Ligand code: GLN
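In the form predicted alone, a lone chain appears below as C-alpha cells.
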Amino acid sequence: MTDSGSGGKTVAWGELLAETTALLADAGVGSAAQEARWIVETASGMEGSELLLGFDTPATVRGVAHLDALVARRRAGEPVQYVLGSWGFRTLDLFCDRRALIPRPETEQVVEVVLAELDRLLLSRHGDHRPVAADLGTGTGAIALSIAVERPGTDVWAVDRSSEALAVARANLTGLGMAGTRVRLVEGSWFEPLPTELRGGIDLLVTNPPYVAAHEDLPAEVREWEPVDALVPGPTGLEAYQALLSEAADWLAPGGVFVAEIGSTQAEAVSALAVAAGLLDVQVHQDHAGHDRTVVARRAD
C-alpha cells in the first residue's frame, strides 16, 4: 500500500479501496470487490454510507498499516471472516478467530428449525414452563446465543470440549447483554459436563458436530485455517452422531427434541442412528440450496 502521513504521500480511502480490490483480485479472491470493501471498512472504522462519504478522506499512517496487515493475511489465504475478526450470524455480530469454526449460513437455517421446534414444545408444555436447551459443540456460541436472543425465556447450556473455542464463545456471550444471563458455558465432551439434574429434563438438544469423514477433501481455506478437531470426528464422519445419539434419549425430557446439522449425504445414516437410539418422528430438513441439512427426532411423550 501507499504510505500516508508526514513524509509520505497522502492517500484517500477511496483510492485505497480500489488498490485493495486489485490486490485481492490478483491473489485469486473471487469476491474481491466485496471483500475489499469489508476490509477497508474494518481498517478505516467507517461503514456503509459513512465510507462512501469518506472516500476523499486521507488515511492515517495507522489506518494504512492496519489495512496492509489485513490485506496481507487475506492474500495469504486466511478466510475473510478471521481477517475481519467478526462475522454476521442471524441477528448477531460474532467475534471469530482460528480457535473455532466460522459460523456458516447453513447453520443459520438449522437455527430456524431449532426455533420452530422450541415454539412447538412450548405449546405442548404448561404455560409457566421455562424451556431448557443444550447446544453440544458450541464453537463460537452461534447457535446457543441465537436461541438466547431470539427465544429469551429459554435457559441455554453451551458445551464444548475445546477451552479455546469456549474462550471465543465467552467473548461473544460478554457482548450479548441481558440475553446472555440465561446462557451457561461449560467445558467437556458432549453430555459429560452437564449437571446430572438435567438428565431427563432437557427440552431441546442441538448440535453442529464434526461430520467430515477423514478421507474427504476440503477446500484449502478450510483445511489449512479452521480447527480440524471441529471438522473431522474420525474415519466415517459419523462418530460424533453415534456418541451423541447413544445418550440423547436419556437427557431429553419426555417429548423433547434432538436437532442435528448434518453433511448433505448423511441424512439416511443419521436418521437410522436416531431410530436405533429409540427416538421417534425422524424428519430431514433441507437448506435453501436443497441439500439435506438438519435431522430432527423426538423422545416419546
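Just so it is clear, the model here is predicted, and its values are computed rather than measured. Quick note: we count residues from 1 along the sequence shown, nothing fancier.
The discussion below concerns the form predicted together with ligand GLN, not included here.
query: Heavy atoms within 4.5 Å of ligand GLN in the predicted complex: does Leu101 have any?
result: The answer is yes: Leu101 has a heavy atom within 4.5 Å of ligand GLN.
query: Given that the partner is absent here, does Val222 sit within 4.5 Å of ligand GLN in the predicted complex, heavy atoms only?
result: Looking in the predicted complex, residue contacts with ligand GLN include Val222, since a heavy atom lies within 4.5 Å.
field: Non-hydrogen atom contact Leu231 with ligand GLN in the predicted complex at 4.5 angstroms
entry: The answer is yes: Leu231 has a heavy atom within 4.5 Å of ligand GLN.
task: Answer with yes or no whether Pro210 is in contact with ligand GLN in the predicted complex, where contact means some heavy atom within 4.5 Å.
output: Contact with ligand GLN, yes.
task: Considering ligand GLN in the predicted complex, find the one stretch among 101 to 109, 146 to 154, 88 to 96, 167 to 175 with heavy atoms no farther than 4.5 Å from it.
output: Only one stretch qualifies here: 101 to 109.
- prompt: Though ligand GLN is not shown, can you say which of Leu198, Ala76, Ala214, Leu218 has a heavy atom within 4.5 Å of it in the predicted complex?
  reply: Contact with ligand GLN in the predicted complex is made by Leu218 alone.
- prompt: Out of 234 to 269, which residues reach within 4.5 Å of ligand GLN in the predicted complex, heavy atoms considered?
  reply: The stretch 234 to 269, when checked against ligand GLN in the predicted complex, contributes only Glu261 at the 4.5 Å heavy-atom cut-off.
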